[in-house]
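Same protein, same chain, two forms; see structure 1 and structure 2 below, as structure tokens.
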Structure 1
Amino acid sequence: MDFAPPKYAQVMRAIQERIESGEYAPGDMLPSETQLVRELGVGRTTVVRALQTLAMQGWIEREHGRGSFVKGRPESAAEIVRPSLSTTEQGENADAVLEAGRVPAPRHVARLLGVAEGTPLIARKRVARQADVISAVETIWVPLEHAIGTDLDKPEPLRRGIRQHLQSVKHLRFDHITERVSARKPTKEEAELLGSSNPVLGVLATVHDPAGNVLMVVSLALPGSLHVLEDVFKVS
């Protein structure tokens, strides 16, 4: 059975929907807290909590003594495309998987996983296509203990993406990802697959569980002519 979300979350949703529908346009003043209390039939504590949370998320702006004002849907950092995340998130097409099976850990992967070089791992190499052109070469490295009992070592395409698969089969939860981006020449194999030896963005990412343990390593080669990584951040 499921539960009703808390009231302050319902209030937030109500206001967000009115902003997205255009009922409250950017620059408009929101109804005052007391008005919202009457209108929505909740206590001021609840309204204030909802409004302060919305302000923290960037939906609205609150000015002491004047009112609360609409800013609009915030461009949250979550919407930015994270290449390593989409790699673990997307399902696979029939022609995507190149190899899947047991290999000894290369040095740089072993270091990130905290195991000895040469330790057997499950490696899964795939390509991503855009309009029939290979647009990225992706390799996922998973320790045996996490891969055992899963379909990661089988060359059949995974329907639901690696994250879903690992979560449902092994109850592994992804918490955060560390990405390391550099520019390099493609390896000979990558150059053949991509059909060019122009520079690539090399992305090396570690996927962590809530306790900080490294669950897997993702390695990507993104041709520089096709990919631009975009990121927005606040200044101090």
Structure 2
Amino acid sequence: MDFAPPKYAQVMRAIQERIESGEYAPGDMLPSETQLVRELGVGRTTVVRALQTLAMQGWIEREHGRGSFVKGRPESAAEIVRPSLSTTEQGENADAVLEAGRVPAPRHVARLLGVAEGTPLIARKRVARQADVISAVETIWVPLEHAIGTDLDKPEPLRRGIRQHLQSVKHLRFDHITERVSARKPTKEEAELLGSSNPVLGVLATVHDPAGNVLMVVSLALPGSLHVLEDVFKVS
């Protein structure tokens, strides 16, 4: 069976094709978020996520209060959408957050963070949706020293992504992410949320600062029927 990529990835591709065709030239201002929502028939969160990812990849530049401007095709364009990076970049809808608060570190998370099992962490569990369908179950674990003083332990949705929030409040800088992807069975809780016990793409990622310290651990359960991880690269 052929499965469509996530909606935000479809929005990204539509904008990329217009840039490559010259319809959107370097320096041009993109249509507003409201115009893109109306034109492409998707939600505002989907458009915002697509624009954030395009900005990270170097296709566009976003200016607060002004809009998004075309930069052009990056010299080494990364066509792949990195799930864990997108998770830390996106803002949250009102119904996205399921749980937020202090929890003991599970064994596999403690090992990645280099702490003892059971060490208190802040965990933020949420879901992403495509229309009315849950398209991902996301859990972010953050050590207390990085989370205290932030809003990560509060159930209210974050207006900005976790990356921006930590950078502005704690002055933490993300340098690189190690991402591991595997096919696995969903946990009982994931299966209940997704409404299916079919295999998922399991993403487990560690987010590092410039010194290599692990700032957080991200876990994703992505239904295989909704997600395709695709990469495009040059062969020398």
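One-based numbering along structure 1's sequence throughout. The term rigid core refers to the most C-alpha atoms you can superpose between the two forms while keeping them within 1.5 Å. Values in this document were obtained by computation on a predicted structure and should not be read as measured data.
Between the two isolated copies of the chain, the form predicted alone corresponds to structure 2. In the core-superposed comparison between the two structures, Pro26 has its Cα shifted by at least 2 Å. Core-aligned CA deviation for Gly58 between the two structures: 2 Å or greater. Put the two forms on the same core and the Cα of Leu220 is off by less than 2 Å between the two structures.
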